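Quick heads-up: it's one chain on its own, the form predicted alone, in C-alpha cells.
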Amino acid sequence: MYDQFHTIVIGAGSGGLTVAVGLSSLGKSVAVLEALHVGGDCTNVGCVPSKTLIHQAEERGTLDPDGVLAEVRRKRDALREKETHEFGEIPNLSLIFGRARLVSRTQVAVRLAEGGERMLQAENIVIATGARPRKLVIPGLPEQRMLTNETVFELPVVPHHLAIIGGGVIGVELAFAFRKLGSHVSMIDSSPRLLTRHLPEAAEAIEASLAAKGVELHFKTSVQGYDEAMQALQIERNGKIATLHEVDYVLVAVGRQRNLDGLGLEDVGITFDLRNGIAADSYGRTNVPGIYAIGDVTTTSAFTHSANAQGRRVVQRIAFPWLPATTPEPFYPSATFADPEVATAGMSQRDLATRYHPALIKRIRVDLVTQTDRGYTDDLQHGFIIVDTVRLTGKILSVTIVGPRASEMISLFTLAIQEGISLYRLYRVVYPYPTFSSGIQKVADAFMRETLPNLRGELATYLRYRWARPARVADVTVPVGARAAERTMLPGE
C-alpha cells in the first residue's frame, strides 16, 4: 500500500527544503525523506559550523580555543533542533527519517530510521541527496586521527599540529581558523598553488596571508605515510622525503563525491555517472519525466546558494508547468571565507577563451590597498578587484574580489552579469564613503578613462574581434571563479 503525495523530496538539505517549503506553501502535499539530519551539509557539517568557527576564532582567538569548538557545536545543534521542529510543523509537509530507494518513476520505498519500511507514491520526485567528503588512504594513519569536514567540528580540543591535505575552499578556510585558535597548521597540496579554480592573483594573496600568519605551505607535495609512535607525517616532493613532526590530526579536504549509491537510479533509467552526477536541465528535469535533481548530485551546483536557486526553479516548474521554461541556469557566485575573503562571479577563464577573442577582453584591476581610502584607514594588506569586460560595450564577463567582505560585494556584480548591466551604468552608482565597495566605482572609472578618450580605436578593435575565432579549449589551462555549470567536481577538489 502506497501513501500518496503530490511530490516526494529525497534529502532535507538546502535544495530539498526549498522545494518542500515552496510547494507545501502552495497547498501541495510533500513528503521529505532524510537519512540523517535536517539541514543537510550546510547546517550540520558545512556552512553553519565552519562560519561559526571562523567568527569565534576571530573574536576569541587563543583565549579559549576549546571553548570555541564547544560553542560551534552548541550553535550548530541548536539550529538543527530549531529547523527540525519548524519543518516538522509546516502544513502539508511530512518529514520522514529513513533511506530512500526509487522503485519506479512515481514510487519510493523508505527504510525507516525506527525500523520497517514505508512505501510512497507521487507524480513528482526530487532527488537532493547532496555529497560527502572524499577519503584518502594514508598508510599508518589511525582512523581517529583522520578528519574531514564531517568530523572536524566534533573535536573536543584544538589540535597541537593540524596537517591539512588539500588547498581548496574547505582546507583554506579551516587553516585560517585553526591557526587563529593556536594550532600549528601545515597545508599540503599536489598542485603548484592553492585555490586552483581561482585566478592566480587570488591564490597569491591567500598564500601570502597564510604564510604571514605562520601556516606552512607545501606545494607539489604528496603524503607518504604516518608514524603513530612518533606522531610524524611523511611527505614527498620531487623525490625527497620530509617529515612533519608532532602531527596529532590530519584533515583530508581533497574533494567530495555525490551521494548516488543505493538510490535505485539505474532501476528507473535515470541518466547519471559517478563523476558528473545526475544529468538535469536548467530546471532540474532529468531524462525521466516527473523526476528532478538539484544540488550537489548534479553537474551544475556545488554550493548551498546554488542548490537553493535550483530548488526555486523546480518549484516553478512543478507548480506552474504552463510558464515558459527556457531561461538558462544563472551564473552562481562563489565565496571563500578566508582572511581576506575571495569571491567570484561570471564566466571561467576557459569559457571566456572559447567564446571571446582575447583582444576583445579588457581586464581592469583596482587595488583596494592603495586605491581606496578604506584600505588606507584599515591598514589593509591584501585586496583587489579584477574585472574582465568586453571592450567598448562595458559588458561584465568575470569578476574576482579579494578583500574584506568580498562575499557581500560580489552580489552587485552577480546582478550586473545576470541582467546585463554594463560598467557604463555602474559608473553612475553612488557608493557610501569610505567603503571597500567604492572600489567598484573605481573599476567603472578606470573603464571610462581607458575607453572614452579612444572611442575610435575601441570601436575598431571591437568590430575586428567581435566575431573572430577564439582560442581553442586545449590552449586554456588557467581556471578562474567559475560558472557552476562548467564544474565536474565539487568544492575542495
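In this text, residue numbers run from 1 along the sequence as written. In this text the structure is predicted, and so the values were computed from the model without any measurement.
The following text describes the form predicted in complex with a small molecule, which does not appear among the structures shown.
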| query | finding |
| --- | --- |
| Contact at Thr106, Gly284 and Ala309 by the small molecule in the model of the complex, all three, heavy atom at most 4.5 Å | no |
| Selected contact from Ser190, Gln234, Asn276, Thr393, since only one has a non-hydrogen atom within 4.5 angstroms of the small molecule in the model of the complex | Ser190 |
| In the model of the complex, the one of Glu173, Asp351, Asp388, Glu341 near the small molecule [non-hydrogen atom within 4.5 angstroms] | Glu173 |
| Partner proximity in the model of the complex: Arg256 to the small molecule, non-hydrogen atom cutoff 4.5 Å | yes |
| Interface membership of Phe331, the small molecule in the model of the complex, 4.5 Å heavy atom rule | no |
| In the model of the complex, Gly167 touching the small molecule (heavy atom, 4.5 Å) | yes |
| Any non-hydrogen atom of Asn124 within 4.5 angstroms of the small molecule in the model of the complex | no |
| In the model of the complex, segment of 241 to 249, 357 to 365, 313 to 321, 128 to 136 with a heavy atom within 4.5 Å of the small molecule | 128 to 136 |
